[in-house]
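Coming up is one lone chain in structure tokens, specifically the form predicted alone.
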Amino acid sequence: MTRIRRGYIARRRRTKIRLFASTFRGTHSRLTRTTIQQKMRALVSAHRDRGRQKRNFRRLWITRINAAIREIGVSYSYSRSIHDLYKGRLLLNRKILAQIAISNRNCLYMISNKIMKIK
């Protein structure tokens, strides 16, 4: 029997995987089997850490807001101020409040006074 030339589909698939793993070190970027394993592992880590990153940023914002509220000398805690924000229908999320706490403390003081008056 004569030799049959294979198509390019498998080579194209391996090339795509190698391009993805081109920045990996050692055999993780050279050998096909380990490259596939490392690609799967990288995608799993990326998916897991996207959720983790959201949690970490939320924790950071809460910490910043809490520190700013306590430094201003407002008589109540972070949780109470967030509760009063929602009660007063001031629609500021934690990210914006944290940015205000860092950049402009006077504005945060005015917001807290506004909450106290509504209450």
Partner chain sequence: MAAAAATKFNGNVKKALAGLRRINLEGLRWRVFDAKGQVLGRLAAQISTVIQGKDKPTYTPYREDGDMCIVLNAKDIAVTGRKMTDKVYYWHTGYIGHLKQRTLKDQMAKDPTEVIRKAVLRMLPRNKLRDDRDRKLRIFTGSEHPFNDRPLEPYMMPPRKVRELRPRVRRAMVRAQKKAEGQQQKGDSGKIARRKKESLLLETSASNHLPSSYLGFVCSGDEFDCS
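Under this definition, the rigid core comprises the largest set of C-alpha atoms superposing within 1.5 Å between the forms. Residue numbers count along the first chain shown, from 1. Model, not experiment: these values are computed from the prediction.
Form predicted together with the partner chain: not shown, discussed below.
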Stretch in contact in the model of the complex with the partner chain, which is absent here, among 65 to 73, 33 to 41, 85 to 93, 46 to 54 (heavy atoms within 4.5 Å): 65 to 73
Contact label in the model of the complex: I111 to the partner chain, heavy atom within 4.5 Å: no
A10 within 4.5 Å of the partner chain in the model of the complex, heavy atoms: no
R105 within 4.5 Å of the partner chain in the model of the complex, heavy atoms: yes
Distance check, I17 to the partner chain in the model of the complex, heavy atom within 4.5 Å: no
N56 C-alpha relocation of at least 2 Å between the shown form and the other one, rigid core basis: yes
